[in-house]
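One chain comes next, on its own, written as structure tokens: the form predicted alone.
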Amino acid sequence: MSVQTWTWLLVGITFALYFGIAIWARAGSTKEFYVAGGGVSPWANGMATAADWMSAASFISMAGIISFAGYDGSVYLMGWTGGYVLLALLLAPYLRKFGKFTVPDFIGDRYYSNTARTVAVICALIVSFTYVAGQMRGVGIVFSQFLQVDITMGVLIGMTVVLTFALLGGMKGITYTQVAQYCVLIFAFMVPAFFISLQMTGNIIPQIGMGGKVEGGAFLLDKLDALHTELGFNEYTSGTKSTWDVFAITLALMTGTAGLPHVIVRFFTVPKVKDARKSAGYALLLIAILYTTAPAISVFSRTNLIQTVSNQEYAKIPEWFKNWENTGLIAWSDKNGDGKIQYVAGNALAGDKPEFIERRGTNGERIISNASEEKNELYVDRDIMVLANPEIANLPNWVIALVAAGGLAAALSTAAGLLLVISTSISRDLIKKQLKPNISDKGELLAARISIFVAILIAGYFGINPPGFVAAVVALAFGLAAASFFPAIILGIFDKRMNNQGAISGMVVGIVLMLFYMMKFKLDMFGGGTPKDWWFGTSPEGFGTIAMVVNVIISLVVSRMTPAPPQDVQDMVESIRIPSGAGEASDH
């Protein structure tokens, strides 16, 4: 069967499974809609959390970033996995013991203030919409290539799918759908890795194959370093980022992970406090399967890309190149007129994305109208590396289709979780807690579903008009979470003296500072700037660390200059940190 037939078959089967689960697990109450009734087992919650966490950025983009950045891309591995350790040790059990449905709910009650709750809602919406933009773009990329529709139509199809199981099931439906999506995405990620590792190194285990030898006796990484050097790139295994920026990005991703509202809410779905800690442990184990494999896929795909494309005649180029060329995610401009693809260090384009002329060139290539004057003739969007990897390696058609199903599972699972956070923030934290306290359970559920519908329309717009490739957008969402939520949550748990004035001041300054920096250096607003203009040499992806530190300092200073929280709030904070049963034991 053709790739497209296999894709329709596998995507159809998986989607039927998702819809079936959503109908079976549809929510009948607000508790089921918000936290799946609080009765999910730790193992199921661990799988759902892993799927929620491993978004299109993890499945599609992370290996793509590492394949181009090499050693520098390790910040994503360290930051995103390290953040889960922070979450498991410092936040999950305490937040579960507090027993609220959402992060704004926790902040509103802990800081005894509807103003704090409203600020938290605004921060949750900013973080979630930034994050979901990357997911919808991932959906569009997968559909556009494998189902032969344009990216806009791909995003619209993805919106319809997510809306269906989010509207029907709420957190209950999403949780059990995400269990199925984890199984799909991890199988889809690992199968090509096994195939290619065996093909290139003779070892079926990708993590070992990455450090193994290839035909000719050379180590794979040494071979890739040599290919990079020959083409004018930095060695794949050497870094170019400053030590400070590596530290800043890693810490921003770690603390951003621990402050992401759609991940935190997962720990409210289990019955007991100890189950929250177990869920985090299971999730970390399940996530590690993909995260330890991603560097290997990066090495395999980068090596195969260079060997199949560099200095090859376009007329003899493999079919996969021409297939992906139609999406606009890979492009060639024959600058020297020799009919060969010259892939060397430098920018192929004068802009960020290729702009094509309708007619084809003499070699059959799509002509780029915005080619730069640099020698490099090849433009490759990082987001295609994982998706195109099986085609580059000439794997069976069913494996290529499987990767498409996995990419969709990863993007849709996270998009659903984010949309639920957005709807819950509006229906519960704004409407129920502030605007209409006497609203009925049924009315609140209706408001939540209307909120999801509006949110998916906004998310779809960002998917059609994305601000950057998937992982770059997602990394900025982590910076926003680190700058706003992490200090308010961690200080709310471990500092009894932290009051509402301190928390509100810190969150507002942190989120505004991060947004300003993003707009200045990512969107060229407020005068724009280049990397040499970065404050303290910190990239936008790492600036969340600085904004977080500013948040903490302002929170502590303002809280010490204003009245202490009421005694009942201080007692509540004290009780959150005491393990269940400790009080009884201390009486003897």
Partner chain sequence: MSEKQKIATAYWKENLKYLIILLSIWFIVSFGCGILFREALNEIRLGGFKLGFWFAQQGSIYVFVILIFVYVWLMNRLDKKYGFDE
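Numbering follows the first chain given and starts at 1. These numbers come from a predicted model, not from an experiment.
Keep in mind that the form predicted in complex with its partner chain is missing from the display, and what follows is about it.
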field: in the predicted complex, the residue from 361, 328, 346, 82 that sits within 4.5 Å of its partner chain by heavy atoms
entry: 82
message: Looking at 511, 489, 280, 455 here, can you tell me which has any non-hydrogen atom within 4.5 angstroms of its partner chain in the predicted complex?
response: 280
task: Pick the stretch from 267-275, 383-391, 103-111, 193-201 whose residues have a heavy atom within 4.5 Å of its partner chain in the predicted complex.
output: 267-275
message: Although the partner isn't part of this model, could you tell me whether residue 70 comes within 4.5 Å of its partner chain in the predicted complex, counting any heavy atom of the residue?
response: yes
message: Can you tell me whether residue 357 touches its partner chain? I mean in the predicted complex, with a 4.5 angstroms heavy atom cut-off.
response: no
message: Contact with its partner chain in the predicted complex for residue 50, defined as at least one heavy atom pair within 4.5 Å: yes or no?
response: no
query: Taking 4.5 angstroms as the cut-off for heavy atoms, does residue 57 touch its partner chain in the predicted complex?
result: no
- request: Check, residue by residue, if 77, 210 and 250 all come within 4.5 Å of its partner chain in the predicted complex, counting heavy atoms only.
  value: yes
Heavy atom contacts to its partner chain in the predicted complex at 4.5 Å, residues of 78-98 in sequence order: 78, 81, 82, 84, 85, 86, 88, 89, 90, 93, 94
